[in-house]
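Only one chain is given next, in structure tokens, and it is the form predicted alone.
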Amino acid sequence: MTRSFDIVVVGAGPAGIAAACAAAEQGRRVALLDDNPAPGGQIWRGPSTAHRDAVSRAKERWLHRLQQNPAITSLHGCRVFDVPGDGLLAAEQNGQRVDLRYSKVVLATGARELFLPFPGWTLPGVYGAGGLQAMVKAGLPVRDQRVVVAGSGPLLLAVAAYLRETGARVSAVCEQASWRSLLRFGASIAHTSRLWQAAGYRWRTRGTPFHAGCWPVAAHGGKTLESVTLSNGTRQWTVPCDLLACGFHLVPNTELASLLGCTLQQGFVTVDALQQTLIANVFCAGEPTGIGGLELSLAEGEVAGLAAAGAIRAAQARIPRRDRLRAFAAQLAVTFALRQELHSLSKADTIVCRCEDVTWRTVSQYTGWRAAKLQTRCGMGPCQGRICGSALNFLLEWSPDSVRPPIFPVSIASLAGPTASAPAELSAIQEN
């Protein structure tokens, strides 16, 4: 099946929703697609919390705006896996291939958590911080479960607050950034709503110890997690827990951008003032252009949607606010920069590639990503290097050499579609 639109927006998180609404309100026919069953991305997943904070209010406002616009076609459970030609994306929805033709495309593919391997991190009960939050929103019971939240970034307090609200007993929140960095950051936002938002999360986690300059070094247990050992650089101690929510900031999802030929710098997609990439008719917004949080994602999404729709003056009018928010994103990057000690978390027998069971001892003897991949199958499992690749980029400064379709697992039938970039053998099978 082939469907045609003026603008295709890939990713239905805040940036994608803002882009779709902005473009559709200029009279364009827009497709908004996402592999989740509903729009909202990670931050707006599930029902709103009991606290009507800025995040909840923004969610209600933007989802209402999206649902009220008949010019937007939402394609849920839909994932782009190939770029078979100019102005064409190959996607799979409910096991069926869908080819999407477009005049302009906006990439709002979001980000994923950065996991750093340490002894015991593969034990059942060890989750990504955002991953555990998403699973609880989907129905995972955590009432009376002892939880340690650890890693880096503003997400930690938000996750801890949410887990407390759902009945979990949060034993500790551990932020690897130092108190000095956090206090300097707090002073820089002292007269803004962001300080009140952070204070609100801390109030909702009152009674839970907050450790700055602290990180996990090992998880322990038999069949499941039983405790985690924490370090502050001078001493270590062990905390009993049933769950560990651990994430060391975010990594942008740039695979589709790379497949389209977009230029990346320091891991992020390069865009101009109107969010257009160096590839004609391809725009990008949100975390793929730089990790900056909800407000920046919405601002970039609006600029990208308006520019893609040809409303250049309206897009330019929103640039000053977006640039102010980018300055805040730069502060985040400095405040939560990962410390040097995290490079030595992995021990010789620590599994780095979970899909292929490749240990640190094995992978660290190679000099680059390609050699390790060819010799050990590191990065060749179901996640296609999305977890171990990001970890090894931090640990060894390795980067993947290329991105090839399909960028997500799909059925042979979808891969062998008439316009897909399928291997010759598959095309022959289809013809016969």
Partner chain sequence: MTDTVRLTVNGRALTVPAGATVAVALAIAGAACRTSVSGEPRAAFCAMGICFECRAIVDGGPHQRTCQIVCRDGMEVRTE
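Residue numbers count along the first chain shown, from 1. Only a predicted model underlies this, so the values are computations on that prediction, with no experimental measurement involved.
Quick note: we don't show the form predicted together with its partner chain, though the next part is all about it.
Looking at Y127, you'd find a heavy atom of it within 4.5 angstroms of its partner chain in the predicted complex. Taking the partner from the other structure, its partner chain in the predicted complex has no heavy atom within 4.5 Å of any heavy atom of H211. By the criterion of a heavy atom within 4.5 Å, W360 is excluded from the residues contacting its partner chain in the predicted complex. Its partner chain is not shown here, and in the predicted complex it never comes within 4.5 Å of any heavy atom of R324. Among M135, L264, V334, I319, the residue placing a heavy atom within 4.5 Å of its partner chain in the predicted complex is M135. Checked against its partner chain in the predicted complex, the candidates G131, P119, P154, G292 yield a single residue with a heavy atom inside 4.5 Å, and that residue is G131. Three-residue candidate spot K223, I351 and P382; every residue lies within 4.5 angstroms of its partner chain in the predicted complex by at least one non-hydrogen atom. The candidate stretches are 119 to 127, 176 to 184, 276 to 284, 198 to 206, and the one lying within 4.5 Å of its partner chain in the predicted complex by heavy atoms is 119 to 127. In the predicted complex, the residues of 136 to 156 lying within 4.5 Å of its partner chain by at least one heavy atom are, in order, A138, G139, L140, P141.
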